[in-house]
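The chain that follows stands alone, in the form predicted on its own, written as structure tokens.
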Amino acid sequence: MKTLAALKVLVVEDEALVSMLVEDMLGDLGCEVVGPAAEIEEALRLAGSAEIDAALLDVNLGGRPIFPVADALKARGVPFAFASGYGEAGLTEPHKGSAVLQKPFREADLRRVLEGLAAQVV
């Protein structure tokens, strides 16, 4: 299990203010931000090749579903959590049961989800 300190977290979020807030929270927790990616293509590129330990994925990126990025991360064995205002109801059937960070969230919520992801890092 990896600690949050120096955990490399890919951030995929298309709303700039939310992205900045998440980056600040991750920094406060000692994590290293990878990205952030605001578009599917950039997110797919980073998910496929960046050195990352975990990822936080906005479910809806500019009106496009994030699930191809989640699938790419899963193929690499990288744990991830979805960030969504709809909770698990916003997920497609194959992705139900994945970690979900309900928007809006506080730093304590983010810490709890990240600790769960960090426990999956080998």
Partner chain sequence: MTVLEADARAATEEIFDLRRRLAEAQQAHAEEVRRNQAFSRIAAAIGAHQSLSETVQAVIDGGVELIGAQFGAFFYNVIDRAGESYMLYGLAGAPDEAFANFPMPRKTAIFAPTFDGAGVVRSDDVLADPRYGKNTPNQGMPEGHLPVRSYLAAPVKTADGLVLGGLFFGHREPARFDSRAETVIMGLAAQAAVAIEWNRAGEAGDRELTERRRAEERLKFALDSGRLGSWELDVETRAYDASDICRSNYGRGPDQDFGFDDLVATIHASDRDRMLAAMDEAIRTGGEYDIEYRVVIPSGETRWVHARGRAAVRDEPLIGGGVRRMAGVSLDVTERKRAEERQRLLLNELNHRVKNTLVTVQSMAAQTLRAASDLPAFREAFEARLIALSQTHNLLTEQNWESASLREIVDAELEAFGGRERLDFDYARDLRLNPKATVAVGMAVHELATNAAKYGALSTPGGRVSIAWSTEPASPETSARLRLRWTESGGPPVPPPTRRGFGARLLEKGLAGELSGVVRLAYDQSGLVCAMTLPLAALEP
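Since the structure is predicted, the reported quantities are computational estimates derived from the model, not experimental observations. Numbering follows the first chain given and starts at 1.
Absent from the display: the form predicted in complex with its partner chain. The rest refers to it.
K.L.:
Heavy atoms within 4.5 Å of its partner chain in the model of the complex: which stretch in 46-54, 78-86, 92-100, 65-73 meets that?
P.N.:
Looking at the other structure, the answer is 78-86.
K.L.:
Although its partner chain is absent from this view, report whether Glu32 comes within 4.5 Å of it in the model of the complex, heavy atoms only.
P.N.:
Close contact is absent here: in the model of the complex, Glu32 is far from its partner chain, nothing within 4.5 Å, heavy atoms only.
K.L.:
Give a yes/no on whether Leu21 approaches its partner chain to within 4.5 Å in the model of the complex, heavy atoms considered.
P.N.:
Yes.
K.L.:
Any of the heavy atoms of Val113 lying within 4.5 Å of its partner chain in the model of the complex?
P.N.:
So Val113 does not count as contacting its partner chain.
K.L.:
With the partner left out here, which residues of 28-43 have a non-hydrogen atom within 4.5 Å of its partner chain in the model of the complex?
P.N.:
In sequence order, Asp28, Pro36, Ala38, Glu39 come within 4.5 Å of the partner.
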